[in-house]
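The chain below stands alone and is given in structure tokens; this is the form predicted on its own.
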Amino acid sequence: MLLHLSTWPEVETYLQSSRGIILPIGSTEQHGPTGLIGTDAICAEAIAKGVGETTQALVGPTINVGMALHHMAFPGSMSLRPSTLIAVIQDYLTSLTQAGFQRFFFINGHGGNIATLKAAFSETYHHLALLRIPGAEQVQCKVGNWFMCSSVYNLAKELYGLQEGSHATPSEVALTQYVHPEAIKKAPLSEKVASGYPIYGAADFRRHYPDGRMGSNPALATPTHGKQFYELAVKELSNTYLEFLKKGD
């Protein structure tokens, strides 16, 4: 059940049986020569929809632009400042809390969002307490990073070994190939790819990672692999979401 394809009476009825909602969040940033700029949002949205179908949960609109300031030296990348993303999440959660939601499960597709999400949750708990919205003291938030699921990690290690890398990875590229087979990209990839450098500003990032990859070989990706990653992530995060709801009872 997708929020944007529902009516308000349908949402009101849903809230009679569940106070939980799934919120996909990703990023709009470069993913190397063959990775789609929307990779992180595409992956998060697809998996969130799958989890929603599996658990009969409502799925909110995808937050497509995340915290990706270090990718801004590559054309097409977009970013929110951490402070802006915190404000966006706080406004989202305040609106939904006023409607009666109390359990917010973010399915995240971008590592750069993690720290900001956790800060946003702390800001939101404090903000809701000050507003004294009924039921606000019951609000809880959780992040499920699909790429950190143990089943996903193990399969990526089995399929790609060290060539999985940490950005523009074959696992995430494979998932986008499964979701959007019409948009599979091909381009020459250098055999030597940088890895291990810490992340600072955008210019420093591009200097150390000139084609955008971080130790990865996305040429190994296939749509068949993507289907496997999708199914594993949906299964694991569905269980995580249901456990999250139980703990709040």
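These numbers come from a predicted model, not from an experiment. Each residue number is its position in the shown sequence, starting from 1.
What comes next is about the form predicted together with a further copy of the same chain, which is not displayed.
Although the partner is absent from this view, Leu130 contacts a further copy of the same chain in the predicted bound form, with a non-hydrogen atom inside 4.5 angstroms. Although the partner is absent here, Gly165 sits far enough away that none of its heavy atoms falls within 4.5 Å of a further copy of the same chain in the predicted bound form. Among heavy atoms of Leu3, some come within 4.5 Å of a further copy of the same chain in the predicted bound form. Proximity of Gln90 to a further copy of the same chain in the predicted bound form: non-hydrogen atoms within 4.5 Å are present. Taking a further copy of the same chain as it sits in the predicted bound form, the stretch 73 to 93 comes within 4.5 angstroms of it through a non-hydrogen atom at Phe74, Pro75, Gly76, Ser77, Met78, Ser79, Leu80, Arg81, Pro82, Ser83, Thr84, Ile86, Ala87, Val88, Gln90, Asp91, Tyr92.
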